[in-house]
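Just one chain follows, in the form predicted alone, and it is written as structure tokens.
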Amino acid sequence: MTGPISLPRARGCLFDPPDAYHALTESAALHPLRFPLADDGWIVTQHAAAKVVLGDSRFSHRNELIASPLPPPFPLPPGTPISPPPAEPGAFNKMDPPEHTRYRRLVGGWFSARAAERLIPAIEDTARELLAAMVEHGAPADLVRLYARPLPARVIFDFLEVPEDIREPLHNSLDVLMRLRMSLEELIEAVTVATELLDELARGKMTEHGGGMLGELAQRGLDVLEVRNVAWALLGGGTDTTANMIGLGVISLLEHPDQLESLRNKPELLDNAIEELLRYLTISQFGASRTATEDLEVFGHPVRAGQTVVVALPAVNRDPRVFPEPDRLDLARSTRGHLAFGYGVHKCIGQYLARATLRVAYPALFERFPELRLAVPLHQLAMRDDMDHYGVHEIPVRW
């Protein structure tokens, strides 16, 4: 076995995972991984091993146990130890059962497949409004700013009944927190603004009768801190992940005109096409991390208690053992088993809402602009490899 590697980052193709993952996936299920501010751990690049790690309760998702495979967002003196704080009440996405289970059950019904289906008419109305604004703006237009970013944001803001006056500053602060590089001052300001706005939101829900999901949580006994952190967990993912899937998915379809034409001719392919785009693009570029709570073995590799294991979701979703010709976009392929939303008890709670938004976003855009095309060469696009979720910063388009 070779020595620890650093987290792969370099991409040869903007649609593909980092190039180094190909050899890693072929050679072994786990590889030793170097962590900038912690002891060495492991990286998982094969599908079967990923399901083991994500599905085994001996691997913890508790915030204070997880080491980051990335350097800190701003320079620190060499050797500076950094330990993330324990999750605050309500931040269920950073907890293990039974605490995680309790919060997730409180909100789970609001994020069911049936609940997401009921939101589709409202999502369609929002999409039409944004596309009409694009027409008024005229070409060239930035697809990210005018459509991909605001559509899922408005969906989740409406869903959580967030007041209009705090939406944009809250969204901007959450965007800053997705950066991999920032100053300490930028971090403090973004956290402060987001905390104050979400506290304001939570306090408002404590005094309302009803008030949607957050109001119901208040009525069921959650305090301001808990309601704020539940909202933060939901907004932190809901405003960013789907936005990047819309933008990057559109580019993928434009660059694969045969696949786009197939989707246009066979609208019944839509649901499967979305699953294939989720697999093919896997915007959670740094995967999912878990920490072993005891000594154990995964596919013949000894993992010590306290070691963090990074499940490289982009590599896992290109594992040829599960997805033949994995680097080929095929909207008609079987995508059963992809892990774009994770696996196990921490599988993304917003998966059905994300799917519903994508089911509206792609057809609405291509129906409104059948001649949509990039306004700049593909290689000139600024990719979001400097952010927590992969995507594109700006997409100039014409029609």
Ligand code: HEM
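Note that residue numbering follows the sequence shown and begins at 1. Computed from a predicted structure; not experimentally measured.
Beyond the structure shown, there is the form predicted together with the named molecule, which is absent from this document and is the topic of what follows.
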For this session: Give a yes or no for G238: in the model of the complex, does one of its heavy atoms lie within 4.5 Å of a heavy atom belonging to the named molecule?
Result: yes
Problem set entry | G342 within 4.5 Å of the named molecule in the model of the complex, heavy atoms | yes
Problem set entry | Touches the named molecule in the model of the complex: H346 (any heavy atom, 4.5 Å) | yes
Exercise. Quick one: is S284 in contact with the named molecule in the model of the complex, heavy atoms, 4.5 Å cut-off?
Worked result: yes
For this session: Among 87-95, 137-145, 261-269, 178-186, mark the stretch whose residues have heavy atoms within 4.5 Å of the named molecule in the model of the complex.
Result: 87-95
For this session: Please state whether every one of the three residues T242, G350 and A354 places a non-hydrogen atom within 4.5 angstroms of the named molecule in the model of the complex.
Result: yes
Problem set entry | Listed residue (I156, M206, L106, L119) with a non-hydrogen atom within 4.5 angstroms of the named molecule in the model of the complex | I156
Seminar exercise, completed: Checking L277, L201, L313, A127 against the named molecule in the model of the complex, the residue with a non-hydrogen atom inside 4.5 angstroms turns out to be L313
Exercise. Out of 95-112, which residues reach within 4.5 Å of the named molecule in the model of the complex, heavy atoms considered?
Worked result: H100, R104, F111
